[in-house]
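Let's start with one chain on its own, the form predicted alone, as structure tokens.
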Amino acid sequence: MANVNVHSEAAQDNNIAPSKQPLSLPKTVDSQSVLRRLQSELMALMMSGDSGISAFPEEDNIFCWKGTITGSKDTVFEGTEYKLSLSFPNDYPFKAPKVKFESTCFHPNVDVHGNICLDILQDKWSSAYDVRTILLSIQSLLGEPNISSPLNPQAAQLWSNQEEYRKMVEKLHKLPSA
């Protein structure tokens, strides 16, 4: 019986030990650290001076951002501006944000709903990535699609004919003159 009591006391001690505590306490700390991380990323993005990308929180919600990317020079998307939405999970940066095109984007790796097929937003996500990396990666993806994994088969098929592809992009993306 003494062994049972010693075992019980050891089990109770293990439950009380700080290293064995459930994760409920750190969740409060985590949300504060996520908040700090997003604020830091916003400041870094604003200070980066990268051309053709920007993003800001939507109103007073730091977990929902609106982003903008411009197609890179010497691509069929040159000068075309796209609006994106970025939604950050509570466990960011350990899970990727959900990023979607809000503007119509005719692209092999973007479906009609704005969903993006980009490995760093899915199985290749790393907590080392930040908003700037995401936006630059999407901007790069515009000019260098992954044709072998298309979300938009029509765009993938047309990609090999850049002249026709450019016509389609211009038709779908030209904004009216202001």
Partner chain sequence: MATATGAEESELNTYWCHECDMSVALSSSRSSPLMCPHCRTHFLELMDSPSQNDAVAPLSSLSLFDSPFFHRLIHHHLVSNSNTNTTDSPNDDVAFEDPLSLLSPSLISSKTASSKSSATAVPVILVTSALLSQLDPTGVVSCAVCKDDIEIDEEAKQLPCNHLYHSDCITPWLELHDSCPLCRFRLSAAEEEAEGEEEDGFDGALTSSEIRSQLRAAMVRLSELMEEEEDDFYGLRTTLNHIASRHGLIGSNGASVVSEEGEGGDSENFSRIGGGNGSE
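Not measured: the values here are computed from a predicted model. Positions refer to the first chain, counted from 1.
Separately, the form predicted together with the partner chain exists; it is not shown, and the next lines address it.
**Student:** Could you work out which of N146, S140, S126, S48 is the residue within 4.5 angstroms of the partner chain in the predicted complex, going by heavy atoms?
**Tutor:** In short, S126.
**Student:** My question is simply whether D111 lines the interface with the partner chain in the predicted complex - judged by any non-hydrogen atom within 4.5 Å.
**Tutor:** Contact with the partner chain, no.
**Student:** In the predicted complex, does P97 come within 4.5 Å of the partner chain, counting heavy atoms only?
**Tutor:** Judged by the heavy-atom cut-off of 4.5 Å, P97 is well away from the partner chain in the predicted complex.
**Student:** Just checking whether G71 would be counted as a contact of the partner chain in the predicted complex - the rule being heavy atoms within 4.5 angstroms.
**Tutor:** Contact check for G71: no, nothing within 4.5 Å of the partner chain in the predicted complex.
**Student:** I'd like to check something about Q32: if you look in the predicted complex, is any of its heavy atoms closer than or equal to 4.5 Å to a heavy atom of the partner chain?
**Tutor:** No, Q32 stays farther than 4.5 Å from the partner chain in the predicted complex.
**Student:** Using a 4.5 Å heavy atom cut-off, which stretch among 61 to 69, 48 to 56, 146 to 154, 32 to 40 contacts the partner chain in the predicted complex?
**Tutor:** That would be 32 to 40.
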